[in-house]
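Below sits a lone chain in structure tokens, taken as the form predicted alone.
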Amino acid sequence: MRKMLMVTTIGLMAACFAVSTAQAETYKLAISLAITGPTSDAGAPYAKGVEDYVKYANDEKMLGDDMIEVLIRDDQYKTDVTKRNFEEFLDEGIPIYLNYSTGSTLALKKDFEEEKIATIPASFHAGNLVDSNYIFLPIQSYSNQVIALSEYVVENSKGGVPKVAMFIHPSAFGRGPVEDTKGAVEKGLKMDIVEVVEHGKDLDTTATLQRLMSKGVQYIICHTVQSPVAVLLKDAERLGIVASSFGEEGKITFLGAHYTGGNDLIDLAPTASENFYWTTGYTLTSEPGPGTDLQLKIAKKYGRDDKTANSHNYTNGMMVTQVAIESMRRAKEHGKEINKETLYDELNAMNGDNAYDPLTTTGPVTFSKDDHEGVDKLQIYRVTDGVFKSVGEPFVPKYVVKN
């Protein structure tokens, strides 16, 4: 009798274990990005941020017994490779997708619509949202970042209407904010855009800087990536025209949007980057706070070096993954299946009392059917003694553009 009871008990335990195992699900998250090739200086740490937060979510059992598997592919910034990767990811049954570049996000926009899959890219190009229902920008668009910098110039410049030049990437990524910023000027932002410069691949911007100085330019707002900005700053330093204080007469004050700054810029132009003004919607590890604590904890847990641990691109990759996994967690909490439809609905409901604070951003993530730009607030940072430090409080641009 006792032997039979023991066998029955073991049998019941085995059955319960089998049911528990059968109930546990594995959900796939995927991203295609430039781990090598152009912009890999951003893509490589970004990929590590994605990978590490998935590990952290699994270790912390954010989805209970369910697990998340992340598929990370290198596309070398090639749109045709990104498209092929995306199609293969769909075959894996992904319920949400993380994309990277502006070019591939624009090229795959119709695919996202046809597949009805929510997509969170690394590109903050405002044009991503035009005629799109399924693309969600993590933070304010590049256009609104450049407008925020322009507003800062206007509010803090002395001596009449400030003369500004724009230094941009020769692509849709770079050109996107130009017309929106000109639109803000037409609506009343008192700033004179003297010239828009699309940089090339040359390693000398001396002639460009001398021409802008001859036109009385006091400020250069950059919208590109770190490398050409570093060249610009080092040439300006050599010419002795980098302003040591904001709006210094006879000198140029340099400012930039998200991908122009961060610790990589300081590494590339150590002394020339001093007093560079920069804006983003992400918190930096150079500022103490819960976001910094979380990021450094995760980086240490998964063995990342200091350069990666303190990269804002690592933060960026981590944050988009936070949003994706939070949509999964909420769907599960609400008793829904985790699929493309439910995650799309959960993202659109992420507002008001349901806004999401990932700690890694300067404000909460808020999405709705009519607003697919996540974090509304931007922070101005300035390089001070070789470190980016915040200037003032996070704010929303007055001339904000909504698509």
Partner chain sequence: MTYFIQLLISGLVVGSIYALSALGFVLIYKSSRVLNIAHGQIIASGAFIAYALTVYAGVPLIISFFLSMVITFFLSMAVERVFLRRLIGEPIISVIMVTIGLMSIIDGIIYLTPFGSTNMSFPKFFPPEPLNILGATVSWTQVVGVVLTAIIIAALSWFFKNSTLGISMRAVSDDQLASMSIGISVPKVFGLAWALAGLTAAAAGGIIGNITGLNFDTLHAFGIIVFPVVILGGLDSIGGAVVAGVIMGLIQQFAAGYLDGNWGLQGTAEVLPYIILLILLLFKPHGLFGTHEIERV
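Everything numeric here is computed off the predicted structure, so don't read it as measured data. Residue numbers count along the first chain shown, from 1.
A second form of this protein, the form predicted in complex with the partner chain, is not displayed here; the remarks below concern that form.
Out of the listed residues L268, I193, A243, V81, L268 is the one that sits within 4.5 Å of the partner chain in the model of the complex by at least one heavy atom. For the candidate set N85, S227, T119, T102, a heavy atom within 4.5 Å of the partner chain in the model of the complex is found for exactly one residue, namely S227. Across the proposed site, H334, K377 and V400 without exception lack any heavy atom within 4.5 Å of the partner chain in the model of the complex.
Only one of 174-182, 289-297, 259-267, 153-161 lies within 4.5 Å of the partner chain in the model of the complex by heavy atoms, and it is 259-267. Residue contact with the partner chain in the model of the complex: K251 places no heavy atom within 4.5 Å of it.
Under a 4.5 angstroms non-hydrogen atom cutoff, the partner chain in the model of the complex has L239 among its neighbouring residues. Put simply, T39 is close to the partner chain in the model of the complex: some heavy atom of it is within 4.5 Å. In the model of the complex, the partner chain stays beyond 4.5 Å of every heavy atom belonging to G216. Shown without its partner, the chain has V196, V197, E198, G200, K201, D202, L203, D204, T206, A207, T208, Q210, R211, K215 in segment 196-223 as residues with a non-hydrogen atom within 4.5 angstroms of the partner chain in the model of the complex.
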